[in-house]
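Before any questions on how it binds or moves, here is one chain, the form predicted on its own, in structure tokens.
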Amino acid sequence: MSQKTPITVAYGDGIGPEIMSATLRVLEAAGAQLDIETIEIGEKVYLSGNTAGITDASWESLMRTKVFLKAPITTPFGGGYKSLNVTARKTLGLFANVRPCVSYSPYVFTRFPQMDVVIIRENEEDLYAGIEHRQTRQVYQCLKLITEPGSEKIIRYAFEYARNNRRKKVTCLIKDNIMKLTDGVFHRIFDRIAEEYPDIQADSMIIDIGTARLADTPEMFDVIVTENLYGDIISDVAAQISGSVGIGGSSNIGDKCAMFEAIHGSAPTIAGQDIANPSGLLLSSVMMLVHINQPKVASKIQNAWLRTLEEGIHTADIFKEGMSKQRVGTQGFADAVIARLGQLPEKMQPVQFAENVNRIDPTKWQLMYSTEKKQLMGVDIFLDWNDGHADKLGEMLEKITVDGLKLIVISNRGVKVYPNALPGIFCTDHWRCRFEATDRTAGISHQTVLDQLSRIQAIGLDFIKTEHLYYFDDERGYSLAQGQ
């Protein structure tokens, strides 16, 4: 008898308890060796006054088992409740979100019967860092953070995943024609790492055309690696065109912990009716079994699931007259899979997972930290001001600029409005005023920035934020204003 692997299980909200019960019955019948700890998360915990949706005792279980099988949860609207999914991913260091999007034609309707794409999404950075501020009465901001080591980890993981799973190509989706620094560094690191994997084809696309092609010709993709927000959007697109978001599973992988969950939500409107499809969570549990090195059980379950689809035993969401033969509920579908354990699909390709296939050694991370010389060359000072035209503001600032600095440009919503701007540009109460060093060789000091802020304060202007402007080895580390 193999030693049981400890895992933490959360039944979740809405349809969560039903699909988790069905999934665990299949796992037990298949012979999965699991030592299950159950925790309470989600709506009940939120409404008890815990804005995180998870208790300290639950965190202790997760840190002890390091494997989390999670049903969908409901996050109440309002009240400042934070997404538990995002919290868990970031707290546990789950940097890689892996979402296979496979067509099961003709048993699940799709226009793309050859689709077999794996999307690997960075899970911790980008706009999902959740750093937001209201800066003026009219303007809100959300900071997009992309780091070199974070980019390297997810990109290396994608190439390692492709190699270990006998995939042939990795495609990077970015928007560096607009976000030249953030998406630009992601793209550059992708190109550098791709050189280390000559056995795998590598290419890149701008996210907009990449998404269009994914929705139109998904067969051209194999493994996709991308940033957090883009990955969130395209993985749902890919899951839907493969047949149904309801059968999509996912894993969230870190150096020490892993979380496995269906990609759909808690669907409270159908909860308790025994009609939900448990396939998304069941396929996520298959990914979990591969991760904890129980590949034979994982193969047995997925092959039985494929055989169940082939025989036309379908839940309501994928039931189709003329193709399906029997409509079953949540538990009935689980019973059908259990009855076929040990059988192989006859028309679809059987699966056979190998041992340690997705184990990636964290020591492979090279952590490409930059070593360039960093020099302060100026400052962007943001003002809350609603008292006239940009020319008036520019004239005020020109008069109080300290020695060693020069007012270069004022922009509003990123567009140049001073000096010599085109007339009629729409402006809000949020102004970026850029001051740069008059001596490029010497740069400026922090004291110079403080002196400039003091002068701005002295004339009654409300500064709300600063961004220091740096050069790195004589290369500008900040973007120009539009029109500058």
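Don't overthink the numbering: it's just position in the shown sequence, from 1. What you are looking at is a predicted structure, and each value in this text was computed from that prediction instead of being measured.
The same protein also has a form predicted in complex with nicotinamide-adenine-dinucleotide (NAD), omitted here; what follows describes it.
Chemist: Please identify, from 398-406, 266-274, 306-314, 285-293, the stretch that has a heavy atom within 4.5 Å of nicotinamide-adenine-dinucleotide (NAD) in the predicted complex.
Modeler: That would be 266-274.
Chemist: Tell me, which of T147, Q201, Q343, T75 has a heavy atom within 4.5 angstroms of nicotinamide-adenine-dinucleotide (NAD) in the predicted complex?
Modeler: It is T75.
Chemist: Just one of T136, N412, N85, S151 has a heavy atom within 4.5 angstroms of nicotinamide-adenine-dinucleotide (NAD) in the predicted complex, so which one?
Modeler: Of the listed residues, the single hit is N85.
Chemist: Does A22 reach nicotinamide-adenine-dinucleotide (NAD) in the predicted complex, with heavy atoms at most 4.5 Å apart?
Modeler: Taking the distances in the predicted complex, the answer for A22 is no, it never comes within 4.5 Å of nicotinamide-adenine-dinucleotide (NAD).
Chemist: Does the 4.5 Å heavy atom contact test between G246 and nicotinamide-adenine-dinucleotide (NAD) in the predicted complex come out positive?
Modeler: So G246 counts as contacting nicotinamide-adenine-dinucleotide (NAD).
Chemist: Using 4.5 Å between non-hydrogen atoms, is A10 touching nicotinamide-adenine-dinucleotide (NAD) in the predicted complex?
Modeler: It does not: once nicotinamide-adenine-dinucleotide (NAD) is placed as it appears in the predicted complex, A10 has no heavy atom within 4.5 Å of it.
Chemist: May I ask you to check whether E122 falls inside a 4.5 Å heavy atom distance of nicotinamide-adenine-dinucleotide (NAD) in the predicted complex?
Modeler: No.
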